[in-house]
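A lone chain, given as structure tokens: the form predicted alone.
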Amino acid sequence: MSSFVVKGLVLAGVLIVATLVVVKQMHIDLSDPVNMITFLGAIAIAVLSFGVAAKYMGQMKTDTATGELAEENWDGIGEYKNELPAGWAYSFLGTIIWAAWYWLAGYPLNAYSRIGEYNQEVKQYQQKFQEKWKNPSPETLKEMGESIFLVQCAPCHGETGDGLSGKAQDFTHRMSKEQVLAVLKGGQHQLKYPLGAMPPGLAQGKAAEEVAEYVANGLKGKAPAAWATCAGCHGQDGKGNGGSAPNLAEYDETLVQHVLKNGKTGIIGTMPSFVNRFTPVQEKALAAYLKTLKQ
């Protein structure tokens, strides 16, 4: 027996022993099918690693290349038109069979999973939370919303909601002139409101500038003539006609719900969807807190 084979056997043995030690030290329950499959897989990898290495190291010492060369070559290096080695072919087929067995029988999709258990516990907790706080006072809503904002929103929007110098939406001001102009130019349908998409180009040139200035200033003063087109969906007061379109005046509960569900892409970046991350009362609380973040 060559020294290479001896060393390979020793290495395989060491890997198997190390696996057994880890199983014992970590008190892994091998009666669990998943743990047993993992354990057997580790041993199989150790044995196969040695077997494959021993086989091909031996062949490299004795075999010579034979067969018909392909016409194509790269810098003088050609390939033989040989069939795939039987060992590789059977290994590939075995992997496919094992994968099908693992997904359908060894560890079916409807089996227990820690992630599934965690998600179920989160769902149950949220139901209890919703029931406990189904009728919170305005002060409680504000405090709850502040806690949510500082954990979930502040990393991008800043602790004061100022948007970190333009890196994210500035909650101290509903919309900037640049944002309104961008929407007027490109249209909007990210938030999936009942009235549907806002087409691009509803106001252009001087009319767009006047509308953008009016909205950015909080809809104060005399509305420009072009505002009549906007008011058809957003309402004369800009508050969205009871949730039919986005509220341009303030962050109401409906607007917050739509943004959390669909995410938001604007001229300052992209916010991902937070769908199912909050309970209805938490969404309401977040909206209540955002209303307090004004200049």
Partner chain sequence: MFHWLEKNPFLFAVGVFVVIAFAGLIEILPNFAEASRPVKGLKPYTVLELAGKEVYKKDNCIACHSQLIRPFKAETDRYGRYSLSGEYAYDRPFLWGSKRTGPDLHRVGNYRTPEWHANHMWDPKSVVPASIMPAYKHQFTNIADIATAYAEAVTVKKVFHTPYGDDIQPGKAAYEKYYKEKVLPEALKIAKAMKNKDVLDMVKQGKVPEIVALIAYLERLK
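Basically, rigid core = biggest C-alpha set you can superpose within 1.5 Å across the two forms. Positions refer to the first chain, counted from 1. For clarity, every value in this text was computed on a predicted model and none was experimentally measured.
The next section is about a form of this same protein that is not shown, the form predicted in complex with its partner chain.
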Interface residue in the predicted complex among Leu191, Leu195, Ala182, Val122, criterion: non-hydrogen atom within 4.5 angstroms of its partner chain: Val122
Interface stretch in the predicted complex with its partner chain - options 156-164, 217-225, 198-206, 169-177, non-hydrogen atom within 4.5 Å: 156-164
Residue contact check: Cys233 to its partner chain in the predicted complex, 4.5 Å heavy atom: no
Any non-hydrogen atom of Glu131 within 4.5 angstroms of its partner chain in the predicted complex: no
Residue contact check: Leu104 to its partner chain in the predicted complex, 4.5 Å heavy atom: no
Touches its partner chain in the predicted complex: Ser31 (any heavy atom, 4.5 Å): no
Flag for Ala231, CA shift 2 Å or larger between the shown form and the other one after aligning core: no
Shift of Val122 between the shown form and the other one at or above 2 Å (CA, core fit): yes
Post core alignment: Asp32 C-alpha displaced by 2 Å or more between the shown form and the other one: yes
